[in-house]
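Quick heads-up: it's one chain on its own, the form predicted alone, in structure tokens.
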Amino acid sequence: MNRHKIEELIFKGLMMASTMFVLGSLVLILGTVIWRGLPALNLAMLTQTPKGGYYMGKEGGILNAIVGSLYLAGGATALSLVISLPIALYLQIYAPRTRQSEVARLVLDVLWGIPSIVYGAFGFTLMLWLGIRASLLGGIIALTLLELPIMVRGMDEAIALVPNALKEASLALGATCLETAFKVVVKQTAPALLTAVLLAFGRGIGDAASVLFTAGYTDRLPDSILSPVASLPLAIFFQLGTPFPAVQDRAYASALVLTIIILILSLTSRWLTGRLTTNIVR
């Protein structure tokens, strides 16, 4: 057996081992959540807010956390989309190879790697400066800062894959850069743009550190954008912190609910991606 064949077998074995390690970790995590959480999951948990003594094992549910997480992540994702898409289009259509665009991408990469607790601390400082208390608005601001670099870089990489010939053909037919951006580039990259949006949404709905100081926590449903709001990650954290096994099992049930929400989003995105691929020029 020659040297190249040995190298190929070694790296093939490493790839298979890495794949099995990742799949095994996923199965272990999901298995633990399902095993501990499914018996504790019931209709009351999904349809009720916490009652008195909930964190000591009494009645109630996590409806406040489910609704709060959807409000927080949904609002932050919508705001991030409004900001991110123009930035990504500018970087690729108007300034694709300039020094400023490369600096902007470097800054976005750095922001992507910043721990979420830093965004929470910055958001808290910004809220104090604006005179805002811990609320749904504060949580949305913090999560928007967290999701923004993820969404912009995802969209930027997606738009970069559009063939230059397609953009040049649009411009040659008399379309402006703005028309080319929205009528050609956005349609061509719609599935990938949707993936970037859902990636940012998944990061936002699963983050606890950035909303710990900015959104607060409450057992009630939010009645305004300036009211404190609960979230599933914090609900899991608080329930795991109790000494009561029944409440700890509810934490795993909450984690299972969060996992199911992400799974539904993933399946929905795959369905929408299939529908949007009809606009792609191959």
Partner chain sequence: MEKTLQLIRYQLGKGKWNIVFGLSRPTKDRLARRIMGLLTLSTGILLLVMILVLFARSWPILAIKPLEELLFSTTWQPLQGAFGFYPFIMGTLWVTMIAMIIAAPPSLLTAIYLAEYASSRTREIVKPLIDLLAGIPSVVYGIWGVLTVVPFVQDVIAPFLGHWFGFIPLFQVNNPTGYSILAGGIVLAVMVFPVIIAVSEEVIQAVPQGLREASLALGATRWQTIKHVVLRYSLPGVMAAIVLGFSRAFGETMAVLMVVGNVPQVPHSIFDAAYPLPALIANNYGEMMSIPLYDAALMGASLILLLVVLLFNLISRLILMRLVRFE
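Everything numeric here is computed off the predicted structure, so don't read it as measured data. Residue numbers count along the first chain shown, from 1.
The form predicted in complex with its partner chain exists for this protein as well; it is not shown, and the discussion that follows is about that form.
In the model of the complex, Gly131 stays away from its partner chain, with no heavy atom inside 4.5 Å. Using a 4.5 Å cutoff between non-hydrogen atoms, Ile117 counts as a contact of its partner chain in the model of the complex.
Interface membership of Phe213, defined by any non-hydrogen atom within 4.5 Å of its partner chain in the model of the complex, is confirmed.
In the model of the complex, its partner chain lies farther than 4.5 Å from every heavy atom of Met45. Scanning Ala172, Leu161, Val110, Ala165 against its partner chain in the model of the complex with a 4.5 Å heavy atom cut-off leaves one residue, Val110. With the partner omitted here, the residue from Val197, Met127, Val184, Ile87 that has a non-hydrogen atom within 4.5 angstroms of its partner chain in the model of the complex is Ile87. You can rule out all but one of 218-226, 66-74, 53-61, 246-254: in the model of the complex, only 246-254 has residues with a heavy atom within 4.5 Å of its partner chain.
In the model of the complex, its partner chain lies within 4.5 angstroms of at least one heavy atom of each of the following residues of 15-39: Met15, Met16, Ser18, Thr19, Phe21, Val22, Leu23, Ser25, Leu26, Leu28, Ile29, Leu30, Thr32, Val33, Arg36, in sequence order.
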